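First comes one chain, alone, set out as C-alpha cells in the form predicted alone.
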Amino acid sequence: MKEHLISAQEIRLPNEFSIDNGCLTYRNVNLLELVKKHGTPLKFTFLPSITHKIKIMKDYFKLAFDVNNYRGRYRYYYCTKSSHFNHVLKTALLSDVGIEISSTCDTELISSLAKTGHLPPNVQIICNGYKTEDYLMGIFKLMRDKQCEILPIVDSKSELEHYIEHSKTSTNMSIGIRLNMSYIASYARESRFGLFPEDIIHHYNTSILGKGNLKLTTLHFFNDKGIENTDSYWTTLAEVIHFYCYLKKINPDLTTLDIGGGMPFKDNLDHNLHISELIFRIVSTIKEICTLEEVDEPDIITEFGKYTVAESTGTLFKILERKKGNKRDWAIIDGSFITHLPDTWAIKQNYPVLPDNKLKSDLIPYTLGGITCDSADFFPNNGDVEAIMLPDTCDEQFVAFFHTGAYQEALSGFGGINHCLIPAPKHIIIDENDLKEIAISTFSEQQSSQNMLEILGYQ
C-alpha cells in the first residue's frame, strides 16, 4: 500500500496505483496522458490483470489442498458471460483454464477459437444454462468435432433425455447435474435451476445406471448470493457435500463437485476480501465431511467470471461542469452510467472511483451525474458511498472508475443502441511484453452517429 487520498474516509492506495506530480498512475500507466491521447469517455483493459487473478486463485487452492492433505484436484474455469471479448478469452486460455458457456452462440465462439488455434487441445468446456434445440445442436457439434472435452450440466429432465439418446451412438459421454438448492431449509430463495435430490437419484437409477456410454461425473451447485463468509453459505455448502457423498456411494463414477462462481471482487479500494480464508474453509469443509462420510474427496471446479475479469478494466470520464445543488453538488460527466456502467443503475453496484489529476488540491464531495435526461443517471446511488471526492479546482478534471470489466458491455449492448442514443465509448487494450514494457492498441473506436442511424434504419 502506498500514497493515500483523503476522501469520506482515508483510502490507502493499493500497490497498482501511485501518484505522480498530482496525477494518478495505474500499473505504470499515467491516466491523464491516456485520456489526453485517446479522449473520453474511454474504457481500457489491462490484460495482465486477468493472468494475475487466475494465478492467485490457483495458488490459494494449492495451499489449501496442501495444508488439508486434500487428495482431489482443482480446476479453474472462466465463464464467458462475464465478458465474451476475444482478447479476454485468449488471455484466460493462456493460463490453463477451462471455459464455461451458457448459450448457442457460445458454442460457435468456442469453434472460432479452435479454428484460429487459440483453443488448447483437450480443454474442457462446461455447458450450463437452459438448453434450447439450437444450443443442444451446438453442444453435439462440439462433441463430434472432438476439438475439446464437453461436459453438459443437466438442468432439467427433458435435457437429460437428449443426452441419453445421444449416448446411444457415442462413447464415454460424461455429464453433470445441477442441484436445485430450494430443498435446503436455510436457502432463502426458490430456485428454477436444476433438479431436486430425489429426482437426481431417480434419474440416475432409471436412466443412467447400467448405461455404459453415459456417466454422471459431476454435481454442480451455485449459491445465488455467491461465495461469502456467512453462516448461510457454510450451512448450504455442508448440505451439498453431504448429498454429494450420498450420491457418490451409489454412483462410483461421480468424481467432481462444481461449486459454481460468485467469488467477490474489490468494489472499493479499502475492501479486504480475505479470499484465501474463504478458499481454505471451503476446502477444509469438503475434506472434513468426506472423511466423516468415508468418501474420497472430490475434484473441485470453480466457474469464476466476474472475479477473473472485473479488475482488469477501467472507465474514464471528463468532468464537463460542476453545478451547485441544495443537498448535493453535482459534477456532470461526459458519459452515462445507464449506458456505460449499467450495473450502477440496475443493481446499484459500487466501483472504486478516483480522480485522475489535480490530486494536490483539496478534495470536496460531489455526486456524479450522467448526460442523459434520466433522473436515475447518477452515482453513487445506493447509500453505501455518500459522495465522490474530487479536487477543488476550476481546471480540466478527469475521473476514473475501476474494476468495471465484467458484464457492462453485455448489459448495455456493445455496438448497439443505448439509452438516449449515447454512443459506446472508445475501448483500448493495454498489455505487457516479456520485459514488462507497456503496449497499447485500440480495440474499438467510439461508436459513430452513422452506425446508430444504420441500426435504427435511417440509412
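Worth saying up front: this structure is predicted, and the values here are computed from it rather than measured. Residue indices: 1-based, along the sequence shown.
Although not depicted, the form predicted in complex with a small molecule is the subject of the following passage.
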Answer option from Ile200, Val240, Leu341, Met263, heavy atom within 4.5 Å of the small molecule in the model of the complex: Met263
The small molecule: the contacting residue among Tyr60, Tyr70, Tyr407, Phe414 in the model of the complex [heavy atom, 4.5 Å]: Tyr407
Taking the small molecule in the model of the complex, would Glu100, Arg178 and Phe304 all count as contacting it (heavy atom within 4.5 Å)? yes
Considering only heavy atoms, tell me if Arg75 and the small molecule come within 4.5 Å of each other in the model of the complex. no
Tell me, yes or no, whether Thr315 is in contact with the small molecule in the model of the complex, where a contact means a heavy atom of each within 4.5 Å. no
Going by a heavy atom distance of 4.5 Å, is Leu151 a contact of the small molecule in the model of the complex? no
Given that the small molecule is not shown alongside this chain, does Ser336 nevertheless sit within 4.5 Å of it in the model of the complex, heavy atom to heavy atom? no
Within 4.5 Å of the small molecule in the model of the complex, heavy atom basis, the matching stretch of 290-298, 370-378, 215-223, 87-95 is 215-223
